[in-house]
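Before any questions on binding or motion, here is one chain by itself as structure tokens, the form predicted alone.
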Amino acid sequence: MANDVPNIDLALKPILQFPDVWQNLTYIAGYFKIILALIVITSVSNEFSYGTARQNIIDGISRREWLFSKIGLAKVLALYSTLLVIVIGFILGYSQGVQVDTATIFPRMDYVLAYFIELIVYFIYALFLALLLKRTGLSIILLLVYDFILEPILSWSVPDSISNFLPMSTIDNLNTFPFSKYLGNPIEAIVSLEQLVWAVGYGIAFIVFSYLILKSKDL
């Protein structure tokens, strides 16, 4: 029965120490991005519901300027969330009672950048859904249904070489599950450049589609 006990590497046990804290913390924080995405959806949908978007266009703001103002909202939310993660990461890292130097702080901070990009792309995706449907409730339902039902079903029905590059999988795979390393299993120690490029590509695509929707529809 002893062979059934996982081989835990005690040297890797403190998950809140530098540099592990960056990958672990950003992975956990990634689960909360959907809450902020609801702010983006609500902000955009309300502008259509109350006619604010139409009035802004009448007052002289171009559709492109209006769109980029909403993308600006996405960037601000992503920036503040990332800064909060950085602050929490430093607090947790310094509170562990171990010697800290630059050699232990900065490795794996690439996951903080990946987290920032993850948020921006996800919020732009939420913006796209809000522009597509113009209704808060419907946009939120589609966001949840695609994230938790449709794409997982699609992922199961296609090879990994395809499923890993579906939109939500690409975003989520910027930081893969990090905690298995404490059971002695290998993990990605750096952010995948390929996943990063794909995520940025999806972000650009959602911006383009959003602009085409905004340009073609009557406000």
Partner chain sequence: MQKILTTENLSKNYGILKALDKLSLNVTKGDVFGILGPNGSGKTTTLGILLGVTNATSGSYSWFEKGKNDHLRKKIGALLDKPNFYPHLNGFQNLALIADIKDLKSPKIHEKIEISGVSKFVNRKFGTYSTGMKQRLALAATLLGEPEVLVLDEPTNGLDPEGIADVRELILKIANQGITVIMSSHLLDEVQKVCTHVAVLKSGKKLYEGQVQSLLAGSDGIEIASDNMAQLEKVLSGFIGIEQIEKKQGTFKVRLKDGFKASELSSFLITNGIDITHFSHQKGSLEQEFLHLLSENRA
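Positions refer to the first chain, counted from 1. Fair warning: this is a prediction, and the values are worked out from it, not measured in the lab.
Missing here is the form predicted together with its partner chain; even so, the following discussion is about that form.
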Note: exactly one of Ile57, Leu183, Ile34, Ile162 sits with a heavy atom within 4.5 Å of its partner chain in the predicted complex, namely Ile57
Assert contact_stretch over 188 to 196, 149 to 157, 42 to 50, 175 to 183 against its partner chain in the predicted complex, heavy atom within 4.5 Å, equals 42 to 50
Give a yes or no for Leu38: in the predicted complex, does one of its heavy atoms lie within 4.5 Å of a heavy atom belonging to its partner chain? no
Heavy atom to heavy atom, is Ile28 within 4.5 Å of its partner chain in the predicted complex? no
